[in-house]
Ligand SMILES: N[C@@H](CCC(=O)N[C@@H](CS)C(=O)NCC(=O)O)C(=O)O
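Next up is one chain by itself, shown in structure tokens, the form predicted on its own.
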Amino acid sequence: MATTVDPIRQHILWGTPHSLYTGKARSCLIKKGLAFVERCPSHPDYKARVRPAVGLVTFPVLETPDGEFIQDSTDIVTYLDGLDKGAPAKSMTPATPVQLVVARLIDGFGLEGMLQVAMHYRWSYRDEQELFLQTEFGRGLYAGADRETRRGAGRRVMDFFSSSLPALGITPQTIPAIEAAYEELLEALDVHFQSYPYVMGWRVSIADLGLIAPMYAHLGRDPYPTALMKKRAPNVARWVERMQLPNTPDGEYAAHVADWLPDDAIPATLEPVLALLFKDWGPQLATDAASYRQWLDANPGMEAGHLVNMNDGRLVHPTLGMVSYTWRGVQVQRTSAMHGLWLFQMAQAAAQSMPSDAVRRLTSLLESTAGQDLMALPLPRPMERRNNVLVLQ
């Protein structure tokens, strides 16, 4: 069957409703008010045009009106923010130094620091939501009208994804800590969203986009965790709804200017969220940084452009092998996550380039949230993404 590019010159988001990373790109498009159409990988054009262009079987992929293909939700947001040059009020990346660091941290935490809890609530409670998951996974694989065929297609890939729990450190021993940490985060976010519609205040930022990735696809859409969120944190559930709409009439808030807080300020209600971020993402990042350092030491002389991966395979989310660390009183064994380290590197780079007055304000914030040690974590060599994979600078 011949395939053609959509005649309407608009963005095409290739992804699925149940995809964590697609959620970040989708909300960015929605909140920017951009015309786009969303297509699942079951569409014949994915195999014919998208996969060859990207070189990987992955999503999300944004196809631009000019026919460019952009993979990785963070790169997609960077591209979309770039369309707003000359209109800084539309950018989702804060320009002021402390707000930028905080937004980068929360963006990375949502995408990688919360991956474990998102996967836990999807697959540890599989029996409670089996039919929903069959339908959702089948949606991305089968575009026909036969309901049982769609469910069967979903079942064929579900075992693969559910089998990944041990690699993420999700075991009977760690599950109580995972759930306790998530419930604490829900409580802190619920207090924050009582006062503000978005993470950084009155305007959407990359912090919202990173956080919505797990909070929509897994935790705010799958039946079991969605019920938990609505019972325990209804203000968070309302924020999840808000992130799927271009303009939400939030009558519960007082009149306000639709912007981040003035003078590079951080909402006081966000500080407990940051404290949990440092507490719960910090051990993983520190261990991943040690694994990265050991890999570099064992492979001296690697040139710029070398794949950051334990083998030569092209992976969107590469690993350097298994790591082990103590977290919330339990021993976690899981694969290292270099993509998360790359995201943290961006927050750290923003912190290292700020002026002296901002350094003092960030230092004060870090002291009040116990984040000094993590932000001082030494990374031995910068990484970057080239041709849809993570490489050494």
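In this text, residue numbers run from 1 along the sequence as written. It should be emphasised that the depicted structure is a prediction, and the values quoted were computed from it without experimental measurement.
Missing here is the form predicted in complex with the ligand; even so, the following discussion is about that form.
Student: The ligand isn't shown here, but in the model of the complex, which of 65 to 73, 31 to 39, 344 to 352, 328 to 336 has heavy atoms within 4.5 Å of it?
Tutor: Selected stretch: 65 to 73.
Student: Are all three of 58, 161 and 317 close to the ligand in the model of the complex, meaning a heavy atom of each within 4.5 Å?
Tutor: Affirmative, all three are within 4.5 Å.
Student: Is residue 20 one of the residues lying within 4.5 Å of the ligand in the model of the complex, judged by heavy atom distances?
Tutor: Residue-level check for residue 20: yes, a contact with the ligand.
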